[in-house]
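Here's a solo chain for you in structure tokens, the form predicted alone.
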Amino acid sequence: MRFSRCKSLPTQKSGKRVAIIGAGPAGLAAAGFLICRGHEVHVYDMMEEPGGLLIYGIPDFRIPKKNVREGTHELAMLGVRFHMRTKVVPGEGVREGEIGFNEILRGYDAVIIATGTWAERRLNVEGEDLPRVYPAFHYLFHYCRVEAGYERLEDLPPLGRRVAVIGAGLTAVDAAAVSKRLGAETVYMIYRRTINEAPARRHEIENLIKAGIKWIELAAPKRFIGDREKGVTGVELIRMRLGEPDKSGRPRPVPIEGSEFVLDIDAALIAIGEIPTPPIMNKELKINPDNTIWVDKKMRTTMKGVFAAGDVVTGPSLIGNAIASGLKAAQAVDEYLSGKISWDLTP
């Protein structure tokens, strides 16, 4: 997987320094563009190696980590400097493994925030905090760390024989596939709409069904059943019907009164979406109500010299979209550093 767009570096350096916060698809694409423009590029990330969700969120059977590592190695060979195991914090860094956002602002001519979406949405239903009810994204994170060699398979929390996956996006698809690979005999994919409205591609869901995954559409969790000692033992679902379109343009799921039924399960993986995670929250950096960072058409934030790209701007998206966003931000940074665009904007 290539992130650079040049075969050789320009003979003349720009003398400008750019910091990229986040080593996921958007940040890596931006780094590849900017290093090819002769800028000095530093990438900061809190994980052990670059790649973001390509390494830590997507299983190897969908995107081989070997391919990602080849791409990040190429960036390093071109001169991109990776500062791994380094968390960007507000203000000044005071602990080992931290760097303050103020330090970055002082040390670089431009900054790109590309920290993605690393927090999970909750269902907010009874029993969601029971043992063996996991956020799917969090579970996949640890599974991918096992694949990457940072954790042991035997330390991965057990799922048992019967697993319910709540959701129908790519995270849900991966969670269902991983559940099967870890030995679950029965895996349910539970979605409040139908397969026609599912965020995941239809063929991906159909492939899971062919592999034995049981699809339950037009149903939503009402509560998880169990106790703190035994953990989750079941999920009470309520049937849904499709109503008028909501803000997403899809039919709104409407509960059908009195239609509740119970599935016996040993574990549940909740995959109803992720939330953008900006590295700082302050008055200077405008954050939208959905926790995305506000940017203009040139990917400029409300802080001078600070751009943003990827899922932290758009919300969860496909890898190609994140890469395209990173390239767009990098091009704007290049224009800014060369004086082609100024910083006159109104949010």
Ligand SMILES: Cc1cc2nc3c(=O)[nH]c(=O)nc-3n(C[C@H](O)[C@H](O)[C@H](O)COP(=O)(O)OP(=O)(O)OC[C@H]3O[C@@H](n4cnc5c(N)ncnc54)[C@H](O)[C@@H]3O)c2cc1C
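As the structure is a computational prediction, the values presented were derived from the model and not from experiment. Each residue number is its position in the shown sequence, starting from 1.
One more form of this protein exists, namely the form predicted together with the ligand; it is left out here, but the text below deals with it.
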Of these, 170, 272, 205, 220, which has a heavy atom no more than 4.5 Å from the ligand in the predicted complex? 170
State the residue from 86, 186, 72, 233 whose non-hydrogen atoms include one within 4.5 Å of the ligand in the predicted complex. 86
Does residue 31 reach the ligand in the predicted complex, with heavy atoms at most 4.5 Å apart? no
Any of the heavy atoms of residue 18 lying within 4.5 Å of the ligand in the predicted complex? no
Test of understanding: in the predicted complex, would residue 38 fall inside 4.5 Å of the ligand by heavy atoms? no
My question is simply whether residue 110 lines the interface with the ligand in the predicted complex - judged by any non-hydrogen atom within 4.5 Å. no
Which is the contacting stretch out of 190-198, 126-134, 171-179, 252-260, given heavy atoms within 4.5 Å of the ligand in the predicted complex? 171-179
Suppose contact means any heavy atom within 4.5 Å; which members of 1-33 contact the ligand in the predicted complex? 21, 22, 23, 24, 25, 26, 27
